[in-house]
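Before any questions on how it binds or moves, here is one chain, the form predicted on its own, in structure tokens.
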Amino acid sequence: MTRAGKKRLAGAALVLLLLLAAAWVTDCDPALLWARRGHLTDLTGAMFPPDWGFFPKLAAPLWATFQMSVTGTVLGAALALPAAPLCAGSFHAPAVLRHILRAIIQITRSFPALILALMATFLFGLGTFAGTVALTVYTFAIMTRLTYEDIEAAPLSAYRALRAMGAAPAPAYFRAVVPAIAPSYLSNGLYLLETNVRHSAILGYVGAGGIGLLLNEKMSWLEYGKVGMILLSLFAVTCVIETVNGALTRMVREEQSLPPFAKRGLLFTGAVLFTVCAVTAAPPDVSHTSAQMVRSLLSDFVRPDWGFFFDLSAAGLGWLLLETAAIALAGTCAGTVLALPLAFLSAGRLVPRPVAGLFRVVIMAVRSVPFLIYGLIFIRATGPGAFTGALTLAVCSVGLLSKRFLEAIDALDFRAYHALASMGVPPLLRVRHAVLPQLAPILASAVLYRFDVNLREAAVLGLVGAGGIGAPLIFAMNQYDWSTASSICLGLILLVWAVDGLSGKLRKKLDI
């Protein structure tokens, strides 16, 4: 065996050991899920047909959910545009400032939107204003990271030429660099808008407004017909947003052209929509916020509970973080295994278009359901614990990974595939030899990204009893135990930082 072959074998063995360890930590028991599958079918059957008479009551919460998503996404993306060059290594921002801003971005990215929303409710009160602030901060952190990475990869010759001619840094950046990164920047912004719609649908669980409050209420009261109506409404909203986003993304990438007056009309419509969402947003409720409360929060937050931080028992921070990472790893692996065949069945270039259309609808339906709802469904079959968390993230991973895989398949060069078909090679062998080699780097990149997302989402699954660090963190915050909350946040930041570093090294090694 060659040296390269030995390395690949060792890498595969290491991955297998990690997956087995994750399965052991999360108590994965497929036999239990199969034995209690009836609980899942009964619960799903209770949601459909939905309670159509409940639909009129959904208009206001649905609008609030959409309002938070649009306002938070636009504000966060707009703030990221001037902040990104200060973080980019290819620009000449002071090194101290660049390192501080990158650290702030990394710390902020460590927290899921739900935790940011809970923090915002302590400062701005309950309601959609706190949710909008959370989504703005969440979008800002992700967009800044993606944008400064695009800047570092972009050619800067035009920018340097303008600077040599005496142009100030800011005008040179907006004239020379922003147009070069605009397609990627706008595509990322559109993707985050779609993501934020799903996030805003669950922010009501912590009092941050939107349809999540109603969803939580109806799930708690076992009014499953009304829950089905809410989920069907979210599916419809997701379909509309995904269709519009797809068209806009094709225009941004210049795959589809529009006359100038149509482009101006789109820009005007978008500006009006954002203005309406921002102007009609609910104001903050600071009636229960005081300077003394904020000082107490800050003073306790900078003094972590080191005893809990270094506790190595099953109730300590170390084990909870390990369990969180194991939930994310097991969920990502299971989701990948399920998403790959689903993506191939959804590709119109590989299967008949009616079949592909049906499976695309399935993928969209899976993606439209908030991840906490999956947690509440699975917990009725497998009970509370990490196994439920792994199942939840597996299904959530299917939605995102299937879409990413499908987009990659649609963009492939199929000449080799058709050549093998003309030679009479069976379909599976055609996929093996002509499609998978092209897909491998894209698949690896998508899986690493999804694991990064799952690590954050695993941090809040404890809210529904699905294991991990989420429950202790949220309980500590709700009880104003800021020292414990601080130690958990610090541990979560270090975990995400370590995984992010490992992911970066894997990307460089795999050249993705």
Partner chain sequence: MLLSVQNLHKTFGSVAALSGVEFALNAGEFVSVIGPSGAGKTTLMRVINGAVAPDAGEVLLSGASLTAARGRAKRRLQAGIGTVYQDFALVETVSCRQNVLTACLPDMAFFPAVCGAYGKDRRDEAAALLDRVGLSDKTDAPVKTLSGGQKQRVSIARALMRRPDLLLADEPVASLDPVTGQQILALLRDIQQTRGLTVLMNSHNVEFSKIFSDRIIGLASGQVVFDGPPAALTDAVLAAIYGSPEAQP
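Positions refer to the first chain, counted from 1. Because the structure is predicted, anything quoted here is derived from the model rather than measured.
One more form of this protein, predicted in complex with its partner chain, exists but is not displayed; see below.
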Legend entry - Residue among S422, S257, S157, S220 with a heavy atom within 4.5 Å of its partner chain in the predicted bound form: S422
Inset, instruction - Could you spot which one of P341, P437, P179, G316 gets a heavy atom to within 4.5 Å of its partner chain in the predicted bound form? - result: P437
Legend entry - L428, heavy atom within 4.5 angstroms of its partner chain in the predicted bound form: yes
Inset, instruction - Mark R349 yes when one of its heavy atoms lies within 4.5 Å of a heavy atom of its partner chain in the predicted bound form, and no otherwise. - result: no
Inset, instruction - Give a yes or no for H433: in the predicted bound form, does one of its heavy atoms lie within 4.5 Å of a heavy atom belonging to its partner chain? - result: yes
Inset, instruction - Answer with yes or no whether A271 is in contact with its partner chain in the predicted bound form, where contact means some heavy atom within 4.5 Å. - result: no
Inset, instruction - Quick one: find which of 306 to 314, 391 to 399, 186 to 194, 409 to 417 has residues within 4.5 Å of its partner chain in the predicted bound form by heavy atom distance. - result: 409 to 417
